[in-house]
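Next up: a single chain in structure tokens, the form predicted alone.
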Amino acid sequence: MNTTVRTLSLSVAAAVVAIGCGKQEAPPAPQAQTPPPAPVAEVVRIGHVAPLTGGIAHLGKDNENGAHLALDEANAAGIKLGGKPVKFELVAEDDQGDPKVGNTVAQKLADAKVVGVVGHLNSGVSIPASAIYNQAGIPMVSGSSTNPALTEQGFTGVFRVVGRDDQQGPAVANYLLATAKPKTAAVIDDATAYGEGLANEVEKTLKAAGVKVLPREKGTDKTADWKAVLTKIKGKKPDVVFYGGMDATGGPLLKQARELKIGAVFSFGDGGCTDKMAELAGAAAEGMICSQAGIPVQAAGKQFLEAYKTKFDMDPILYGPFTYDAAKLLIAAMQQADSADPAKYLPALQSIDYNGATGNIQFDEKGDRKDAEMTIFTMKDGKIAPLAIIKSGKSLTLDEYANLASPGTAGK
């Protein structure tokens, strides 16, 4: 009995083993392939400096917006340098339009190892700050500083994408000579490098044409009450008055002049060539004459104008197209050199030939823009309207300029 049971158990066990040995196991499920991690983009920092507080903060923000848009577009394009992806980062600083503050933030940017700087807005800040960038080997491109001294220092890494005051001053003075035909002129400035420098060029041109120019009157870049200065010149009955300064002080000057019944033609440089003059001076701004060391905003590239409006829900004010191009130039030079190292891309920047939002840009040996345009404006119905664009010594209407072979249409 026990033998039979044991034999049966062994038979059953053998059958189970046989069945188990004949069964094939399913192959293991394939492991999901983990994609390699995306390469980490190298951060390339570009500085921007302008007054973001104070009376001309609106112009400083316009400058910053232009640079910001340029970097956003570069990042969207997925640029690589040295075969590696890069991400451009704007390091924005407020210099308050003050040379001392400007030097402080310039050193801050140098310490932060930015590879290039767009700025500063004011010539009086750009000139001393440029020495700090030069010492640090950081290229600097200003989109608004017009005093000739900026590029007369012999620094190889300092550039500007607008014209110079010794081009702008004669342009507006010659327009006044041709239209107002003055016999006596008054010249006022705000005692800054920009305001005084531009006023000097206007005075020089007027005197050379035989106009009697009254002794120079001065204020500051913060003067709000101009009545003492204006009362002094009122008795001299000038035919034209030129003010070298920004709109924050130029607006009150013009408003108070009309309140004192001074009937002269008032004119300004690019710092006072904004729609804000109508806000500050009211009806007194109507018919004023002003100049800009570059093309008018309306003539900038369509692609740029549309992108600016889309991003910031406003139109550029004055220098935005130029700071946009300044930032684009830095990036284009890096692409040509395939490097963000300032020492490597600087030669490419010096010899660059670039079609930007403000037209074709090339630099001379000093870092000045070759064949820079000048524009004459008037205030019409509360808006600055271009009267003439001066290029290569020829005066063109806005339509005539738009029909040139290479106006500011690239915008990219």
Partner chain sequence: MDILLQQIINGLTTGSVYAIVALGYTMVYGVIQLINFAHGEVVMIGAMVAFTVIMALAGAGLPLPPFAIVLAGVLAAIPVCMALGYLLERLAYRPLRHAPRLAPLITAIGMSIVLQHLALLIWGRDPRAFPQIMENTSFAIGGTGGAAISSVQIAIILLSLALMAGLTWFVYRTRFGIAIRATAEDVRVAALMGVDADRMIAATFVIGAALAAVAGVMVGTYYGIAHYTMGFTLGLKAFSAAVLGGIGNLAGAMLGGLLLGLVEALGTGYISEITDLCRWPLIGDGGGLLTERCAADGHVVLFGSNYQDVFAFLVLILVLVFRPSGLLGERVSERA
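Numbering follows the first chain given and starts at 1. Rigid core (definition): largest C-alpha set, two forms, superposition within 1.5 Å. Model, not experiment: these values are computed from the prediction.
Although not depicted, the form predicted in complex with the partner chain is the subject of the following passage.
Between the partner chain and the residues Gly235, Gly78, Gly83, Gly210, the one pair within 4.5 Å by heavy atoms in the predicted bound form involves Gly235. Of the residues given (Gly219, Pro170, Pro182, Pro296), Gly219 alone sits with a heavy atom within 4.5 Å of the partner chain in the predicted bound form. Contact annotation: the partner chain lies within 4.5 Å of heavy atoms from the stretch 222 to 230 in the predicted bound form, the single such stretch among 287 to 295, 317 to 325, 222 to 230, 68 to 76. For the three residues Gly137, Gln335 and Pro342, a heavy atom within 4.5 Å of the partner chain turns up in the predicted bound form in no case.
The partner chain in the predicted bound form is not approached by Leu329, whose heavy atoms all lie more than 4.5 angstroms from it. Interface residue remark: Asp275 is not counted as part of the site for the partner chain in the predicted bound form, having no heavy atom within 4.5 Å. Of the heavy atoms in Glu259, some are within 4.5 Å of the partner chain in the predicted bound form. Taking the partner from the other structure, the partner chain in the predicted bound form has a heavy atom within 4.5 Å of a heavy atom of Leu280. If you take 96 to 117 and check each residue for a heavy atom within 4.5 Å of the partner chain in the predicted bound form, you get nothing at all. Once the cores line up, the CA of Pro296 ends up less than 2 angstroms apart between this form and the one not shown. In a rigid-core overlay of the protein, Thr249 has its C-alpha displaced by at least 2 Å between this form and the one not shown. Shown in the overlay between this form and the one not shown, fitted on the rigid core, is a CA shift at Thr192 of 2 Å or greater.
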